[in-house]
Ligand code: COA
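The chain below stands alone and is given in structure tokens; this is the form predicted on its own.
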Amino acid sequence: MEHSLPSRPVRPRRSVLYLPAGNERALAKLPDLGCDSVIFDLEDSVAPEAKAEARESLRTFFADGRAGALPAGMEKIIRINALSSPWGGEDLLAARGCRPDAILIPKVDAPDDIAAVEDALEQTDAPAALRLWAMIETPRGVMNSGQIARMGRTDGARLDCFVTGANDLIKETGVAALPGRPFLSSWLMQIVLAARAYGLDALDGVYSDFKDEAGLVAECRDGHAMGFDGKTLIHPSQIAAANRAFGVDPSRLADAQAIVAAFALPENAGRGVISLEGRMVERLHLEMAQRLIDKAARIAARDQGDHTP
């Protein structure tokens, strides 16, 4: 059964770093990084012959206290291999046992891909707090993104976030990978639109040339303008640029605070529309303003080390 949009907590997801699950050196550096979220990857960054070892390494990382010692504000996600692959079933069991914040499902083509993972988690009595993220990285995934996002409004829904796989889309379609992504932009906007229609977050894809800071900054600005909540990253050196680009602009924050303050005035109590500095402001703008203020507070807490979960 479909329900109204869920009320989700506001979480900063400006910078979401991929980290190979079996890379012990990278795991050791993680507590000192300023990313909002980390994706422990069992899929693309792990060779087939190393997947079992990476899975066990991840189990150990979560079991021996190292994962629990990460900053409380750093969201922990595990990307598994597809359930249809030789490793997907074991990956899902391992991920469920690690109790991360979310599990990232790769190559989601249709709602059934989400339903299959939800059913498997239900059968293993996974906690309700365990969320699902979906990789939208295939032509079918983009075309079906609205139907997939709608899964976030069904009974017991776990779906929380879309993650764009732009490089996979380029590979599967043959579209030219040009600066500014002119031939990808309509597909990226479709992913954002589907996510927003059903109350999900949406993350932009990675920028592969991690030594090209100018290119990264430009693409972060581009992604922010499209409406993405943040960007997935492949290297720690990219974190600062993503945090800046997807943070809250001070002028927008000041405007949001002015809107909230105006609606709080006694003379505006119960009014659906008010006049503010020569423009008409509706209560929907009040909701948007409050969410922006909440996001800014979460970002400030994350950046200052007050990691309130």
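In this text, residue numbers run from 1 along the sequence as written. Here the structure is a predicted model, which means the values were calculated and not measured.
There is another form of the same protein, the form predicted together with ligand COA; it is not shown, and what comes next is about it.
Although the partner is absent here, G215 is not a contact residue: none of its heavy atoms lies within 4.5 angstroms of ligand COA in the predicted complex. Residue contact with ligand COA in the predicted complex: K231 places no heavy atom within 4.5 Å of it. Heavy atoms of Q257 never reach within 4.5 Å of ligand COA in the predicted complex, leaving it off the interface.
Among residues of the shown chain, S45 is one whose heavy atoms approach ligand COA to within 4.5 Å in the predicted complex.
Among the residues A262, A240, A50, L33, the one placing a heavy atom within 4.5 Å of ligand COA in the predicted complex is L33. A26 is the sole member of L276, V248, L70, A26 with a non-hydrogen atom lying within 4.5 angstroms of ligand COA in the predicted complex. Partner proximity in the predicted complex, defined as non-hydrogen atoms within 4.5 angstroms of ligand COA, places exactly one of 191-199, 112-120, 205-213, 221-229 at the interface: 205-213.
Along 57-95, one residue reaches a heavy atom to within 4.5 Å of ligand COA in the predicted complex: R79.
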